[in-house]
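Next up: a single chain in structure tokens, the form predicted on its own.
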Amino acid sequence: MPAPLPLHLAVALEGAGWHPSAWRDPRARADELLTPAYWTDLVREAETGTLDFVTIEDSLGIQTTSPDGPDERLDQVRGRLDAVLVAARVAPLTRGVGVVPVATVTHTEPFHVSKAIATLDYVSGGRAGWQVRVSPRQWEAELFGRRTVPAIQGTDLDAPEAAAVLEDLFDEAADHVEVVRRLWDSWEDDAEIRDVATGRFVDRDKLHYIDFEGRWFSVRGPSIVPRPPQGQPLVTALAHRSVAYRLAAKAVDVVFVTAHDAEDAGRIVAEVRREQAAAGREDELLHVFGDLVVFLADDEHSAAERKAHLDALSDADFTSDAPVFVGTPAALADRLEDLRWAGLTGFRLRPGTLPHDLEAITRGLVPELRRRGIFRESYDASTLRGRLGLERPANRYAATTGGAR
């Protein structure tokens, strides 16, 4: 088996943390969740650990424990800021870490997403990305009132009717990403000539109509934002099942998966690679990151006590779509080393509480990984794509280049 590539590490930022009672942790800053300072401090902390990037959670509907709509709970965080706008706020205040907000594609126009993420790439100096999210929720569709989405129960995802709905939603998402990518290319890199002598600011021949025609979108273009510094900002997605693996294989640069052990990781990576080959992208670098929720402390007992205390506050044992790790940073490093031999190229850690578990990552896990010689000491590339070993794509519309994606 070939040696794994250098390890990449990201964190997923969600409210006060991923545990529903995280806002009641002694170090939580629950009264600051809607302030710029809170998010800036978190992203800067991630940067001190030279993490590859942070993702910032978002959703169209308010947080809920119910699949059918908002619940009546009063003991959990409800309400959030727009993730893309948070990213745009914190990006100019950092220098190295990538910023990757969630933006839902199901009810959002690709033109709007395209110009928002392109703008984020400019204000971050080439460190922007986007986490694609599909919304299969009927009640979120009703927030917009422009289309209907049939109710899908979590236990019925494999039923033929539900599977057909999900196939449609993920096919639509793939088209959405394709439109966004074409809009990013709709300006050639040197379209802005700014020639004072001739009075020509833009070379009109280097702006292109994308003329996308599909089942869900008919978009002419061009964008209003010139091509982003990275050419194509990083595109990511969370995937739990085959339909989402196909979307990842066709459309994204990094896919987050929820493998529960090394065997599961190997199976998922193999499926993603098969889908990647079927999509004709077998020669491209597609990162597969493992997601884990983490509760960390200096010793195993303290870590277990922390989680148990939070569970007691919420009156339920915390579980997640991703595996839950409870222990020390050194034990987490052991777990990551084991999993990456299964083919994972990186990890996205979801801190159980903020800022405690984020600081345990940057100040405990990262030094341990460095001691083992498997994580960087400093940032080694100026752009997020460069840090992940992804080339800057050629513009598909430029006359002098071939057909990049």
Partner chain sequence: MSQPSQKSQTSKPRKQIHLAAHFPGVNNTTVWSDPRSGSHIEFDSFLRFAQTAERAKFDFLFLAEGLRLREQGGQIYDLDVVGRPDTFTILAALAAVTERLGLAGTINSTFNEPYEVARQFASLDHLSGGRAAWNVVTSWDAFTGENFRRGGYLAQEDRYERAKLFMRTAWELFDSWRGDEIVADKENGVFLADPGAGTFERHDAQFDIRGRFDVPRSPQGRPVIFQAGDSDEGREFAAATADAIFSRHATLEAGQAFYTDVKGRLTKYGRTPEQLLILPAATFVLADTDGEAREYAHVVRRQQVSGQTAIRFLEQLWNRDLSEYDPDGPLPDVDPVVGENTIARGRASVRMYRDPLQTAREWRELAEAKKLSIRELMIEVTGRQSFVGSPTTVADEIDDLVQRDASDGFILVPHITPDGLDDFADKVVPILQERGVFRTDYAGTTLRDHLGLAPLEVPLPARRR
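Numbering follows the first chain given and starts at 1. Everything numeric in this text was worked out from a predicted model, so none of it was measured.
As for the form predicted together with the partner chain, it is not shown, yet the points below apply to it.
Interface residue remark: residue 387 is not counted as part of the site for the partner chain in the predicted bound form, having no heavy atom within 4.5 Å. Although the partner is absent here, residue 26 sits close enough that one of its heavy atoms falls within 4.5 Å of the partner chain in the predicted bound form. At a distance threshold of 4.5 angstroms between non-hydrogen atoms, residue 319 is out of contact with the partner chain in the predicted bound form. The partner chain in the predicted bound form is approached by residue 198, whose closest heavy atom lies within 4.5 angstroms of it. Using a 4.5 Å cut-off to the partner chain in the predicted bound form, each of 75, 105 and 225 places a heavy atom inside that distance. Interface residue among 274, 260, 112, 241, judged by heavy atoms within 4.5 Å of the partner chain in the predicted bound form: 112. Between the options 152, 324, 88, 235, the residue in contact with the partner chain in the predicted bound form by a heavy atom within 4.5 angstroms is 88. Partner contacts here mean any heavy atom within 4.5 Å of the partner chain in the predicted bound form, and among 343-351, 372-380, 54-62, 358-366 they occur only in 54-62. Residues are counted as partner-facing when one of their heavy atoms sits within 4.5 Å of the partner chain in the predicted bound form; in 171-205 these are 172, 176, 187, 192, 194, 195, 196, 198, 199, 200, 201, 202, 204, in sequence order.
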